[in-house]
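In structure tokens, the next block holds one chain alone, the form predicted on its own.
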């Protein structure tokens, strides 16, 4: 069976989808046969991984039908080498409503329906990364029932840490049905480079919340607004964006040819390095816990 990692926070805007996309993409680059599943109605994973315009992008309908009709969804294949995806979107909103009903009505689908419907598909992979929506308690709990580990990204501010606490509540509720589930760790995101005092205070706050029982991964993901915006707009991961920057003509070369020079973020390499080191640490931790 694969390793299944759910990436979750109860608050949006903390870099959750970007972390899920890089974890899936870099694991696939390293040779892991990987499936990324987008359970968020906003479906930003499609932008980050560049499959938004693919014909196979069904807006989450496959996930919805998987639960209500026990149909195994067809993944979008070859998003990257070794990487397939199942898209989110409006269909996952219907999925959320159905799971909410199923949690209270034994004649409807229960919270285990998502796990049962996806089981034949996920068995084909080494790693499955679940991108979970903020504020959808039943979707989180259903995903936690099929996952091995939870990773919680947070910017470290009070609102993001409140979202972290909500994830921990859903985690505890899900462990009654899935006692093997663990919180693999916390990832600090959107941290200014060189802000050592702020990072130290953030880590102290997080350690207080989890009472020192959950690892905090290093490094934090740096604040890199232009690079992050460009990556999402172009459907590139940070290392791919860095490679595109290296291949692009210099401004004087573009001027000589009459073309408009493309502007790149100069901290793209640092952002790519953050995600690469984090992915290595996360996969090592997951592998160690699996024995």
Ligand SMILES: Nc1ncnc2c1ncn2[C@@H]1O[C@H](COP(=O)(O)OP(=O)(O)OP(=O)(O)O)[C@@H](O)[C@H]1O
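Since the model is a prediction, treat every value here as computed from it, not as a measurement. Positions refer to the first chain, counted from 1.
In what follows, reference is made to the form predicted in complex with the ligand, a form of this protein that is not presented.
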In the predicted bound form, do 17, 224 and 271 all reach within 4.5 Å of the ligand through at least one heavy atom apiece? yes
One residue of 90, 110, 134, 219 in contact with the ligand, assessed in the predicted bound form (non-hydrogen atom, 4.5 angstroms): 134
141, 202, 190, 161 - the one with a heavy atom within 4.5 Å of the ligand in the predicted bound form: 190
Exactly one listed stretch (25-33, 40-48, 60-68, 236-244) reaches within 4.5 angstroms of the ligand in the predicted bound form by non-hydrogen atoms, and it is 40-48
Can residue 229 be called a contact residue for the ligand in the predicted bound form at 4.5 Å between heavy atoms? yes
